[in-house]
Each structure stands twice: as C-alpha cells, then as structure tokens.
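This document contains two forms of one protein chain, each encoded as structure tokens and listed individually as structure 1 and structure 2.
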Structure 1
Amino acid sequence: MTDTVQTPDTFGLWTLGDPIADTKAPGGPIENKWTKRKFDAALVNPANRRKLSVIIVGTGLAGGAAAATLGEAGYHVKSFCFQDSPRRAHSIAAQGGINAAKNYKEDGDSVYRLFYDTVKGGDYRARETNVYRLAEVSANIIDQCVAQGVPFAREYGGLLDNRSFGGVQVSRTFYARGQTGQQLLIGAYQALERQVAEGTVEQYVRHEMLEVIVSGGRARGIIARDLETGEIETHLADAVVLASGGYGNVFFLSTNAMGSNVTATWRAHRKGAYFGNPCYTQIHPTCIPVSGDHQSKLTLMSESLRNDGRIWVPKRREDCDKDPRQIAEADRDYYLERIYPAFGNLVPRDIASRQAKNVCDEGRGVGPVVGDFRRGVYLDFADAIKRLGKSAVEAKYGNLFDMYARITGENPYEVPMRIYPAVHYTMGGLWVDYDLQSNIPGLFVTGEANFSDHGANRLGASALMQGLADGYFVLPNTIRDYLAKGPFDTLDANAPEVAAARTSVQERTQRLLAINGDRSVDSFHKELGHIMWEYCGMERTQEGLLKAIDLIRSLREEFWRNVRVLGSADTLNQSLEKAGRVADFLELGELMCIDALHRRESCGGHFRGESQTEDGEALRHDDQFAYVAAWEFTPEAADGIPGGGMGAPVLHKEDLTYEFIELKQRSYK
C-alpha cells in the first residue's frame, strides 16, 4: 500500500539543512578503494608519533583494539572506561560469533557475498564503501585473534569451525561456544594491558566522559568525572576517539549492560557532531521473555541457537496453556519455516522479531500472561538432540543452556526454551565519513557508537566484526592522516573553551543534586522506556510517534523539576551517574521519535504501520528515503536545564548511491 500520511515537516518538529556527503572514499572499483585510501593517507614517522596524543573513550572491542594498536604504533594514548576494568566492557556479553569471509566451508562465500549480505540485511540503507571495507578486512580479524590466542572452536582436523547466522545461506561465523565476545575481549584486553605496561597507554578506569572539548573547530579533549572521588578532570589531546557503544538502554529494558549509556556521543552531538539515523534500533528475536514489572534488564540468548533450534507456536489458541511436549506435531506452527522456506529459522533478526510479535498479537503466544497477553514463542531443540545427540548439542551450546536454566528454572534439554524479541543493538550513532571521522575535525567514532556499517538492520555476528575491524585495522590507518597535520598548538587547560566545558559539567552536576524532587531517577527511566517501546519500538505509526514526542517532552520537563538525586558530587554517587545518563536519554528519545516520524517508510528494524506490502512485509520508498539522516543539534534556552534545552533539529541528508549492488525489495522467501 502507498503511504499517504501527512509529511512530518508540517508539524514544525525539524528543519531541512544543507546536504552532506562522504568525501573521503576514493573513486574507482570498490575492491580497490580501501587499498587506495591507505596509500593516500599521510604517514607519521615513529619519532613524531611520540609527540602525538589520542584520547579513546571506551574499552570494548573497538576502543580496546584501537588503544592497543595506536599504543603499539608509538602514539601516546589515554584510555577511559567507566567500569572498574576494561575487560568489563559490554562487548564481553556477545555470545554467538564473529563473521569473516574465509569460505572454510567452501559453500560459496566470498568478500563480495559478505558485502552483499550485509547491505541487503540492512535493507539497502548502508554505505557501500564502508560495508565493502568491513567485509574485506574481516579475514584479517580472525588471523589477528588466533595469533592472540582466542580459543575459537575447531573441527576434528584442526581447522576453525563455522556456523550459520540469520540472513545468510553460508557458514561464515567463527565462535567460541557461546562466549565469543568474552574471548575476543580478553584478547584485546591483553593487547591493551601490554601497552599499559610499555607506557604508551595511560589507563583511566571508573572515569566517565561528560563533555567533549572543541577548540578552533577541532576536538581537543574531554571533561571526565572520577566516579570514585567525584573529581572533575580535564584531559587534552590531539584527537579524540569515541568507542562508547550504543544507546539501547533508552528503552530501559534491553539486553545491554545496565551501565550502557549514550552520554559520550550525546555530549558530542550537543557540541555539533551530527547524529545519524537515530531511530534505527535492532530488536533481537532470541531473548528470554519479560517475566514481570520487577526486571531492570533482559537476557540475550545467542542467535546461534537458531542454527539447530526450531521456532514454533501452537496453531490453536486453546493449546497455549498445554505442556509443549503434549502438543502434536500436526498442531504446531513452525511459522518462519512456513513463511520463509528458503531461509526458515535463519531469516534476519528484524523479520524473525516482527513475526514473533505477530503470532503473539494473534493470541498464540506461550508462557505466562504478562500485562495483557503471552509474550513468548518456543525455541525447540528436540529434533537437534534426536539428530545430533545431547552431548553434541551440549558441546555447542552448553553454557547458553545452563544460563537459561538458571534464569528460568526450566531444563531446555527437556522442555523447549521460550524466547521473545528485545532491544539489543542500535544501528544509529554519530555520523562519520570513510575515515571514521565525524563532522567535527579530530573527533573519530568507532564501533556501535557510529552509524556507518549496518543500515536499518544488523546481521548477527557483525557487531564483533565491526568493532575489531574499526579498532585494529581501519582507525589506525585513517587517524594517521589527521595526526600527520600535528602536533597541534598546545591548548592551555585554562583556555576559555576548556573552562566553559568544565563549567558546564559542574553546573549540570550541581543542578541535578539541587532539584531534590519526589521521583527516583529509575522511575523516569522506566517511564521513558515504556514510551519508546510502545511508540518507537517494533512498529511505529505517525499517530503514535506524535504522541510519544509530547509524552517525552512532558516527562523531560518533570525530570528537571522533580527528580530526586541522593548523595553529593564529591564522592562515589551512582544516583548522580544515573541521573546524568537518563537526562541524555530523555533528549535522545525525542530525536529518535522525530527521526522515525520523518522517515515515512518501513525498512529493516524500522517498521511503519502505514508502509507495508499486502502480505505485511516492510515496504521501502527508495525514491524518497535512500539517504542517511544526519541530525544537527539546535540549542534552545530553557529554564532549569544547564546548557539549555532542545530546539528543532536540522536534518542533513547524505544520499546513498548504489553502484555495485542492485536496489530491490528484500525477500527471504
């Protein structure tokens, strides 16, 4: 059906700015672009590297790998994380695997096929140049990690094993049982700690970045708070790298660690960095269902389980109360296998998630009633255990099965798992060019913190691939082109722009503590999350998004008038930490809804109810929306909000041109 709703700009919620473009990617055949860019980038000789400094915020796969690599190259690196150790970064929670185009299974894989699958999986809303580079360096990542001692699974003959993931028909995912992220992060952490010992990397744990310092139009440092002492610190450098992860916790309930937040990138956005495609949120289909109002986060069950598990619900509503083992095969609806016979249970995450929601909305969900309906579908391993044997299934998925049993009290070897979609990853992030540099010179953004590689939906096992590709291979080659222009003039710690950044952090901190209202920070966060899930989650409509924007604005006004933040600023204060992060989420949530409202099409994880095919699939409008939406922050005076409130954001469009892949409607049938 054709979208005929009113265009959102008539609501006065945003204004149109000048178009933008990525000017860093070279011309010529796509397979030559990365080689040419590396050659064209200026070099920095080893003696000069010692004179150059780089701040890296975040110690996950992207940040940890970048800090280790730049330290090894001889630059002076300052590494920051808010956790008590770099190895506690959220990358450790990734389970299923990491993609690489090595074609070990000889099933037709190639760099071009990984490139194609990633662009198609993202519903043709990603840059070709960035995605091809990601596919090109993927094989190098595996070699690097094996050299570091990452214990990937191996076949009998000693070769590294592979398994399949959603959205593809080849086996290209390398894994270490269900602990792949943990093992990869340990490898990056060991490399990082080696550089700490060598003295090239200074490590700052339990430090949270609260502001970016921009001087002379360039990023020159950060303001950070020591979370143990409360001290506000100024750190200056020649360049700043943000590797601070995604913002899925805007929904309150997500698979992210509870500390994951948007503050580093949002502070940069308020300083002028464009925010790309903020409404693109990934809903993961394989999570343990919500069990009640008491939860503060959700638990991911690896997508690798869809390799051998079969997803189904009862055909009849009246069977939903039955023990699943008592439901006959003829009375089961293996709905993904029925609707998408070519891919079956391995359809991309957005499609698997939406179909799970559809069958539950029909009243065929399973498990306990939460709210007004049952939120769950079965993930059944009975056939796999019969085919492979319990010991083989245990060898591949044992730690995941154990985790499920501990959380639910059910034995998945005997009773089918119950799963339901949950917020997992954000494809949006700060806008960057081919060099991973934002529109603020000297501010680079890597991993999930940028928007660059996944379009409207990320294929499974590609997050670890992007994080390590950016950290080990891309950023070290592109940031040197910028650093070759340095060392830059020494910036005085008392310079006006430094003092202003520091003052803004102090005023914001004092304001949060002085409100002394009646409501807890968590209550605001939970209410925001409910608004985002209901109106900007798995399905969005114009009516719902307009309602969400009004609700968020009212909630934000109440937050700055009535939030209660306990404790003081000069000591460990987790209430204060949360308050600052939720304040940023309240602003981000509005921008996400505006972005979703302006994009009047369905694509990937962004499903607009007004834009769907006759059989309920996502309907894109390439003639209107084949672009990256890069939003510019507009400040607005506001009483009681340090630094001001939000004006109507400015939309800058980067047109997406497809030279090497044909644009067409996605089909996995």
Structure 2
Amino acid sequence: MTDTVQTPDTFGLWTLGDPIADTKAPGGPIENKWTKRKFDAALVNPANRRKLSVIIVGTGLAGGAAAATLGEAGYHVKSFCFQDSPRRAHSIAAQGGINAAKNYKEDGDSVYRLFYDTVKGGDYRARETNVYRLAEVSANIIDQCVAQGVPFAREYGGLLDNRSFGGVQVSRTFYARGQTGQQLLIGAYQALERQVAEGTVEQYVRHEMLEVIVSGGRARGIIARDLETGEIETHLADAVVLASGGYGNVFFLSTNAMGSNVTATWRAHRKGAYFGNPCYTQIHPTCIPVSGDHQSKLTLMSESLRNDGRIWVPKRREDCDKDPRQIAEADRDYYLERIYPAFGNLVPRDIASRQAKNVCDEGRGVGPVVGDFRRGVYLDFADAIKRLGKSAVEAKYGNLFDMYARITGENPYEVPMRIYPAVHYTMGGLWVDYDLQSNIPGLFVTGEANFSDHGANRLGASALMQGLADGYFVLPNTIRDYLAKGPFDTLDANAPEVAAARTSVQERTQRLLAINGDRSVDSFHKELGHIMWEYCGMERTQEGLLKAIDLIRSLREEFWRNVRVLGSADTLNQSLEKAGRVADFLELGELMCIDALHRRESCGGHFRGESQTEDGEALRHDDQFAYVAAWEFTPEAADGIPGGGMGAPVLHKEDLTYEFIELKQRSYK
C-alpha cells in the first residue's frame, strides 16, 4: 500500500538543497499576525513615494488591483499586459463567484471557517499563515468592489445575495450572474484607468515581458517587447511585481485564454526565483469535450450542473456510438453513484474528473473519437426534466444550455450533454514568503502566478478572492516595507546586467526566426500538451513520468532545430509571440514532471498510482510530503537554446507545520 520515498539521486534528475523558511510571518496567535505585520512594515513618507517606481506585469485582478492601489498611494507605477487593454486579462472569464467571510446570511460563517475550509480543500498542502490572512481580508474585498460600482446580485430588499458554491455548507459566495470575474475585473480596471488619468500609472498594452533584470541581487526591471512595433524595451524600477496568471496552457488545451503563458514567471525562475509545487494543477470535471483535432481551447461549464444532472456511460463498449436515448436504463453505468453512493454526482472536482478519465480509458467514453478513443461522458438531465419540468430546468441552467448548444450544435434538453475534464487552474507558481516576495529581493509575485494559498487543490470561488486580496490589500502593505529601503542606486540602461538581459532577448528572438524548420509552433505545443495530459495530468505513475521527461526533452531539442516561425521581429508577429511562450512551456513541462515524480503521494487533484489505498482511493503521506517543493533552476550549456539548457534542478523544502488545524485524510465513500 505505501512505499518508501526515493532519495534525491534515485533518478539523477534533481538534487536536494537547503531547506527554506518563510521568515516574514510574525509569531503569536494566528488572528494577530497580519495586524502585526502591517504595523511592523516600514512606512514611506508620502512625499517620497513619487520617487519610488514599481513595475507590475499583469492587469488581471492581482495586477490591476495592485497597480491602482499603489498609484493611489502615490508611487510611480508602470503597468504591463500583452492584450490591447488591461480589461481583457484572463480574470475576465471567471464565472461562478468570489468567496468572502461576511456572514451576511448568519449561517455560521466566520474568518476561521473560511480559513479552515480553504486549508482542508487544499488537502493540507497550503501555508496556514497565508490562508488565514486571505480569509481575514476577504470581507474588505466586497466592500471595496461595491464602492467601485461592481453590480453584484442583490435581493429585493437591495442587499447583496449569496450562494453556496463548490460543496461548502455556508453561503459565502458573492456573484454577478455568471460573469463575476468580468465585473470584478472591470472594477479594478476602472480604478486603474483613473490612476492613468491622474498620471501615477503609465500603462503599456500589447507589451510582453521577456526577461527580468536582476542587479546587485535585486530585481530592478524588465525587458519587454512592444508587440505592435517589435521594439525591445528596457524598463527599470525599484521593484518588480509579477501578476502574470497561471500556466495551464502547458497542456495546450485548457480553459485558459489563448495567450495565458508562463513566460514571465519562467524567465524569473531562470534568473533564480524558486518555482513552488509546479505539478499542482486543477482539472475541472465539467467542460465541453474536444470535438476534433482543430480544437484550440476548452470551455468550462459551471459545476452547478452536477446538482441536477446525472453522469453516466454505457456499460458496454459496443453501445458507445449509439443514440444515448436508445440505451436502456439497465445498460447504463451511473459510475459516480455506483462507486460513491453517499456523494454520488457531487463528489469533489478531482474525483469526478479522474473517474471520467478512467471510464474513457476503458473504452466506454462517448462522443466523437478524438485521437484514438472517445473522450466524453454523459451528463443527463432527462430525470431532472421529468422531476422539475423543463421550465424549471431552463430557469436554473438556461444560459449554460444555450452556450452548450451554440458550441456543440446539440440540444441538451433533448440529448444528454457530453462533458469531459479539462485543465483549469494551476496552484503551483513562483515561491513567495508571507510578504509575497520571492527569494529574489524586490521581486514580488501575486495572484495565480504565485504558489501560495491553495495547496494541492483550489476550492471554487477562491482564486478571485486571492487575486483581489493580494492586489488591493496584501501587496500594497508588504511592498512598502521593501520600498522604504529605496530609492535604490540609479541603474544605467547600459549596465552589464541590463545589456546582457536585453541581448539575450534579442538573440532568442533572432534565433527563433532563423531556424526556419518545417513544423509549426502549434504542432509542438499540441504534442507537448498530449504528453502532459497523458503522463502529468490527473493520474501519474513513476513509469509514465520518466517516459514523459524523455519525450519532452527530445521534443524540446527538435523545437530548437525544426520550428518554423515566419515573418520578422520588427512588426506584430503572432507566430513569434507564440513561439517564445511554447519554448518556455517546453522547459516548464519537464520541471512539472520532475516535481510530480518526486512527490510520491496522492494529494489534492493528483492521483499517484503508487500511492493508493486498497480500494483505489488517494493516499497522502503527511509524514514525508507535508512540505512545499521550491525548485531552483540550474543552467547547463546546451546547443541551440539561447541562455543554456536545463540542468538538474535543486529542491528546497519548506516544511508545512499545522499549528491551528489538524491534518486529516479526505474520504467520500
């Protein structure tokens, strides 16, 4: 059942470095820590703030909120995004809602309960101090957003409405129909534009950060490419914040936006920033399945569908291409209801996802054959329609049914919906301390780009909460402690570190254009995605991960020899943009597999084949793995990859101690 952990050199793939500690969280009772930290953080005289500059990469909830808030405080902010407007950051796509411990429903919610639920939901792999703070500031977020004019759903009395979300027992989720992310982001965007008008924030749209500048041991700026003109620009500052979102697109197909990428954080990782828990990915069970090889992205449908829909596949493979309505009740396998009678279709995201993959792997999937098998299971509303009536189902889920019909061309009132799991969120990200500062002084990381608050699994409606908590309330307080030491010495644009960063970007760009091989960027990206999904997705084994690492290495080698990127460096060139992002995904993918390989336990959404109970359920190993894996990059010269290839990364462990919450195994049977 259990087995022993390998020593670091078992595979020669990584080495063990010194443990690390989060040294910024003050001691004392958990409910006093944040107040104490804010009090202890140095102040900056308002008159000096204008002389202090901060670069913020990203205009999603985490970056947009931070840029607006630091601008209001009077700092000199430069804000960057790769889209044509800050309002288009991927946060816009979040549907369901945002959690906050307001206890407006008097149903027993509290800061402590939100803290507890989040730590447990993260399968005890998140840092207690950060999560407590998140719960603590959550209530302020709602106040701030309402004051900005965010049109949350309201009741007839004019007060805010709440719903319960993702299987929690209290109603703490605030929402704006199915467009919560959009409305929150527009709130942050408007606050940001107000600061642009005030002159405190300089806004750079269609700009992509391609390198971080580290000088004298501190992060001092970035190299960015103006995507419109192709110009490579140097931007210097006293501190740099990365709020660049998640890296789910390493899987090619995900619910992320087309441009979501790892470049900003990966470039920082290459410059020394530790990458925390890269293998922690969330896979969402209710997405619209792939319809063919042309598929460019996947669309999420709200999890609430599982409240009334029943999930099934045919018992026999021969029935898989039949009209589902012709398959008799006795020939259907309602597998979640069968395996988990207590929770049925409402088991957590990770379990629902993994079982769907299992039945499809057995050859019992439905829908079109994609690759070599059918990737889909039925989500059937026939019983719900019989029980509640069509109009009640329509009132509850009408817009989701419409969206499904538009994408698939099928009518879900008549034919069962088909769903399949998809990559949705990445809990891993750059390692940060309690101040949200990476191990490179002056480099801060917020939102989905950092690793900090969700452990091995994120609860619904908590990413929006984290983005805004970081951006409005946490970072502006912690970064001032750092900025109070500035302004730092003026850095010359021709200083060796700056020039080197710039040259490396130019060389890489030229190199990508010069290869002129015969495979497109997308073909490499798709192949990488297949490898990651197959071997580093929901279920992982030692054998599979070792194979994946080999496959990724040879794919990366081929990329730098055989990719075809047309056009030039001095115009808008979308193939070139994609090529740079895929090059970084090809490196990240390997680190994710190494991290997954070393974590020989099942935790959160990650099922490790070698670590299961006798009846096939996930088995965590708190005695061996209750730590954050923070990886340090080791360069190694390699032909054809500007800046060198990847050597064996160094693993630094941050032990997770649970002082306030007791560790337990999850069980849903």
Partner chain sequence: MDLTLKIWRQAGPRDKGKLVTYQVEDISPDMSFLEMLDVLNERLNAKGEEPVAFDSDCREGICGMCGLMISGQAHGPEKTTTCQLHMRSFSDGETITIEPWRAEAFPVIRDLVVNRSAFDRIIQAGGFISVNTGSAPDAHATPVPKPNAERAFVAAECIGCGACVAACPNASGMLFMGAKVTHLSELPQGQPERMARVVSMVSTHDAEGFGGCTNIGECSKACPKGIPQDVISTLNRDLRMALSSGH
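Rigid core (definition): largest C-alpha set, two forms, superposition within 1.5 Å. Predicted, not measured: the structure shown is a model, and the values here were computed from it. Numbering for residues begins at 1 and runs along the sequence of structure 1.
By the stated condition, namely the form predicted in complex with its partner chain, the second structure is the one that fits. After superposition on the rigid core, the Cα of P26 moves by less than 2 Å between structure 1 and structure 2. With the core held fixed between structure 1 and structure 2, E303 has its Cα displaced by at least 2 Å. In the core-superposed comparison between structure 1 and structure 2, the C-alpha atom of G365 has shifted by at least 2 angstroms.
We note a C-alpha movement of 3.8 Å at M417 between structure 1 and structure 2, with the rigid core held in register.
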